[in-house]
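Here's a solo chain for you in C-alpha cells, the form predicted alone.
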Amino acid sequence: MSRTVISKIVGTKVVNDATFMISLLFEEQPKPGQFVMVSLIDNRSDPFLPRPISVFDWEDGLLKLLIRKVGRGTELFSQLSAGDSVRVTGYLGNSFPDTNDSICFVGGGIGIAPLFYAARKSIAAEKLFLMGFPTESAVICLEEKRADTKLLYATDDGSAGVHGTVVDMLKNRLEITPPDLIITCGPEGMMKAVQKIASPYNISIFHSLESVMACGIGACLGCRRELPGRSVLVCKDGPIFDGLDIFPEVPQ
C-alpha cells in the first residue's frame, strides 16, 4: 500500500551532464519495477504536478533514484542537495517477474534505472544485463555492476563498449544461449525490437512502460493506453506489461 511522506535527501551525485542521482530516506522496501511520485515542497505552482521516478535501488531504508533532466521539474530536482526535503508517494505500480533459471535485463538509456534493482533482487542462477547508449558520453552506472550479474554495454557509434545497439547484443546472445526470461525498459522502439527478435524463442518477455502521469494511482486517467480489447492505465495496471499484450502485432 502506498503512502505519502516528506523525505529528507541524504546525498546527491552528478552522473553526467544530463543525469543525476538522489539518495533519500524511505523506510519501506519496494518491489523491483515499482516507482514513486516525487514533488517539491516549497509551495511553488510551477511545476505543479509530481514526477514519476523509477526505483533505482533501495537498501536499509535508503532509496536511490536515477533521474534524467528532461524538463523544468527534473531540472529543479537536480538543484537539490543533502538536507533538502521532497514529497514522495509510493511505492506504486506492479513489479517484474523473476525466475530461478536465467534472466536477461535489456535497458536503453535512462531505461536502465529500474533494471538495476531488479537485477540485484533477482534469484536467477544466471543474470545478464545488457545496456545500450548512443555514445560514450551517455554511458552511465557501469560502477554499479554487481558480482553476480554479467554486464555488457554498447554504443550506437562504437565510441565505447560494443559497436551497435543493445538489440544487436541481445540478438547475438539469443543465438548462443536464450534466457528463460527477458525484462526490458527503454525507448518503446527498442522494446518492440526486443519483442520481435526474441519471440521466436518462446521466451517470457516483460516491458516497463514510461508515461506522463499526474497522480500515479489511476485517478486522473492521464496515462491511459489502448491495448487490443481493453484500456489500461500505465500507473495502476503497470508499468510492467507482458510483451504479448503490448506488441501483439509482432509475429510470434
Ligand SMILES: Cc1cc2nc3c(=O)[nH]c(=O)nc-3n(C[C@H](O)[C@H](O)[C@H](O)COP(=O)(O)OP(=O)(O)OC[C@H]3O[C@@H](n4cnc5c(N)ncnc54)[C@H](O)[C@@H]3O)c2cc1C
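From 1 onward, residues are counted along the sequence shown. Keep in mind that this is a model prediction, so the values were computed, not measured.
Another form exists, predicted together with the named molecule; not displayed. Remarks below refer to it.
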*Taking the shortest heavy atom distance, is T184 within 4.5 Å of the named molecule in the model of the complex?*
no
*Any non-hydrogen atom of R72 within 4.5 angstroms of the named molecule in the model of the complex*: yes
*According to a 4.5 angstroms non-hydrogen atom cut-off, is V212 in contact with the named molecule in the model of the complex?*
yes
*Is there a non-hydrogen atom of P30 within 4.5 angstroms of a non-hydrogen atom of the named molecule in the model of the complex?*
no
*Can you say which of 151-159, 94-102, 130-138, 110-118 gets within 4.5 Å of the named molecule in the model of the complex, counting heavy atoms only?*
110-118
